[in-house]
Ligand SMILES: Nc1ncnc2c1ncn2[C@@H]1O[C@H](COP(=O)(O)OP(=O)(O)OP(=O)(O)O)[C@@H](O)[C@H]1O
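The data below hold one chain only, encoded as structure tokens and taken in the form predicted alone.
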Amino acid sequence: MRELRIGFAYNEKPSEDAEPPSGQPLPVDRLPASNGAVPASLSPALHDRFAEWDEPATIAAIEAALRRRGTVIRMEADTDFPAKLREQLPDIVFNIAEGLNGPNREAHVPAICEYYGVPYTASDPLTLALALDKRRAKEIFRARGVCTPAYVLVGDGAGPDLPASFPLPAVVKPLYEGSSMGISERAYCTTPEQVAARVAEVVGEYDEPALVEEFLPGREFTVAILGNGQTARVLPIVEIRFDALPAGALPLYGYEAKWIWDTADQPLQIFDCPAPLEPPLAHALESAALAAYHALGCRDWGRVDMRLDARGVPHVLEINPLPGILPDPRQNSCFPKAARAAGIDYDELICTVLDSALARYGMRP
């Protein structure tokens, strides 16, 4: 039997001394601020441009895991990706590529795979584009009865300013970004004036509208899901522990918490997994997460970020159909942490995603 040929699509985070892709600025790993906060004078576009891309160690770990299933062909998702795919025509592509430009950037690799008739892992182009557009995702959640915080789109040139009745405090986010890009502590706004100022910053720095979202005061969780259809399963739930943040920090899992305060030398003990939950709340979180996963048509795997309102009702903040998967257990990476709590090691997690996709296409693992 011929060995499975697995294309591996990814984006590798550039090093500080490398030439940035497409002439874009390089990320800054450690910002020059003594208190760990993002300096107001430094545009987040300079330091989080490649936040969603993967480190060489992560790429190598995924490749090693995939070798358990067949021959792996690296296919960095750069401008040559279509030619590489056409030349190699692997049996299936394992896709973690986030892309770089435009609101549909996460959909580029699967769209090209579909064009050439090559099977691939994870969600399709439509789901990836909808998930990255926070407004469209929320519209679908509401249409499907999934609770999500109140929101309004500002800075698109068409919509109104913040309505007088909008509940504050609020979190102001770039519309088309992930990995807490653009969600520094400045994103938390308590007055209409702060909202207007932050919207202007987001529009100027990211050249896209801002989503103003009601800030919910309750506990925060992230829910990892594996599988498809009725067999999709929730892994042990992860809770975000805000008491692990530096003194005086806002209860917000944003850019500083993910990329500045949490270091390899001094990791934040910010995740609790399995989260301590009473059965009714655990069931409510699992049900809402699965409802959101199915509402957007996610496939193979995904991670749903959730927060409780003042009454303790779970609300879906957003969903990531291409979840982060750092391999080092010492690093705060939600999906691998949830998998380990379920007794699934890193290699098995990667192979489970691949096997799920193979089964969807009627291919043997």
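Residue numbers run from 1 along the displayed sequence. Bear in mind the structure is a predicted one, so any value in this text is a computation, not a measurement.
There is another form of the same protein, the form predicted in complex with this ligand; it is not shown, and what comes next is about it.
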Point to revise | Candidate stretches 72-80, 287-295, 113-121, 181-189, one within 4.5 Å of this ligand in the model of the complex by heavy atom | key: 181-189
**Study point:** in the model of the complex, the one of F271, W261, F166, F215 near this ligand [non-hydrogen atom within 4.5 angstroms]
**Key:** F215
Practice item. Please pick, from E201, D91, D133, E220, the one residue with any non-hydrogen atom lying within 4.5 angstroms of this ligand in the model of the complex. Key: E220
**Study point:** Any non-hydrogen atom of E63 within 4.5 angstroms of this ligand in the model of the complex
**Key:** no
Exercise for review: Check whether L252 has any heavy atom within 4.5 Å of a heavy atom of this ligand in the model of the complex, and answer yes or no.
Suggested key: yes
Point to revise | in the model of the complex, E177 touching this ligand (heavy atom, 4.5 Å) | key: yes
Check your understanding: Is E318 close to this ligand in the model of the complex, meaning a heavy atom pair under 4.5 Å apart or at it?
Key -> yes
Check your understanding: Can you name the residues of 276-312 that have a heavy atom within 4.5 Å of this ligand in the model of the complex?
Key -> R303, D305, R307
